[in-house]
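Below, in structure tokens: the form predicted on its own, a single chain.
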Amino acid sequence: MFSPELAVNALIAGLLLGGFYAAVTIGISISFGILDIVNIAHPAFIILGSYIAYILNAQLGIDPIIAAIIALPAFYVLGAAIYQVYHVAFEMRGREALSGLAFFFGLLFITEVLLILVFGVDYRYVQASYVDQSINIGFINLPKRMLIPCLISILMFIALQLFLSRTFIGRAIMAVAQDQLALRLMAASPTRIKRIAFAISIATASLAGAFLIIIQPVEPSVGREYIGRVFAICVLGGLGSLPGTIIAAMLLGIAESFTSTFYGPSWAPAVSFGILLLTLAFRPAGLLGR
């Protein structure tokens, strides 16, 4: 039954959920939206980030978000290594379309199988003081397990946007998919720039994974739930637009929250993809696409 209080809480829950979706999608926005690399394995790296946060939290008692920050350099190096293999095996041979997609599908399933072999299929969760706490302002409820990831996600977006717009490497990343000749004339190697950008996209999975395991328990195959959603948000926001990504993530979060609240959670994915189809029909470039 509809009530103003319920609607306000659904709106706030949607915004918090959208903040999490933005963190999950930001790596795809860089790799797919800017570099034209269809990294279908990105959700698997997010789950890997969840398990790294789980290990450091369970063994050493480190806060999951601090654990994710500690793991950032390792994920960056992993991303750089994966891009180097992709570049040598596929880009240099002009086979990045179909063969490159198969490569990332392989990474997705290999990562998932390795996690199953090591951790099994049981759900894992983390311990933190704020996981079960909420901030109550009148009838408004703000669960900290959603609020903290949302706020950190927004800070991450602001930092990345400033990096892409204010630094030479950031501007080179934005230009690499548009005009590689001009980039070479500026004494920048397109391969090196793409390697840095892809490494950054994988590094963001560390934080997104920590957010995920704070919000819900995880098991190795849970990343499959986000494959369609992250690409939908990326396209809806406009390829290559980080502000568009966060706006699209918020819109889908709100749509799913209202649908789950008033009609049931089973309808939420249908509404989200319905919004995507309408956007593609009436504005194919996305909300803030160029």
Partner chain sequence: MRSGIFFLVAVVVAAIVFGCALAINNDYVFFAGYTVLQFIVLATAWNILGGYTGYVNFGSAAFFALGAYSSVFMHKFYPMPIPVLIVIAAVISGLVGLGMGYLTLRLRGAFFAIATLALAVVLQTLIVNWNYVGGSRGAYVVRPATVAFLGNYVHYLFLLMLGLAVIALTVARTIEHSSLGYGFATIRDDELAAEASGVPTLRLKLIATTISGALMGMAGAPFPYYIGYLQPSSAFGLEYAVNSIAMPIIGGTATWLGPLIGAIVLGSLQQYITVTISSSVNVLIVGLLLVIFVVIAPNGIVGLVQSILRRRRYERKPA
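Given the structure is predicted, the values throughout are model-derived calculations rather than measurements. Residue numbers count along the first chain shown, from 1. Note that the rigid core is defined as the largest set of C-alphas that superpose within 1.5 Å between two forms.
Another form, the form predicted in complex with its partner chain, is not on view; read the next lines as being about it.
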Is residue 216 one of the residues lying within 4.5 Å of its partner chain in the predicted complex, judged by heavy atom distances? no
Distance check, residue 231 to its partner chain in the predicted complex, heavy atom within 4.5 Å: yes
Does its partner chain get within 4.5 angstroms of any non-hydrogen atom of residue 72 in the predicted complex? no
Answer yes if any heavy atom of residue 10 is within 4.5 Å of a heavy atom of its partner chain in the predicted complex; otherwise answer no. no
Sole residue of 158, 117, 77, 135 within 4.5 Å of its partner chain in the predicted complex, by heavy atom: 117
Students should find that, of 162, 110, 185, 154, the residue having a non-hydrogen atom no more than 4.5 angstroms from its partner chain in the predicted complex is 110
Output flag, 105, 224 and 227 jointly within 4.5 Å of its partner chain in the predicted complex, heavy atom basis: yes
Answer range among 246 to 254, 48 to 56, 232 to 240, 62 to 70 for contact with its partner chain, defined in the predicted complex as heavy atoms within 4.5 Å: 232 to 240
Can you tell me which residues in 233 to 271 come within 4.5 angstroms of its partner chain in the predicted complex, by heavy atoms? 235, 239, 266, 267, 269, 270
Is residue 11 one of the residues whose C-alpha moves 2 Å or more between this form and the one not shown after the core fit? no
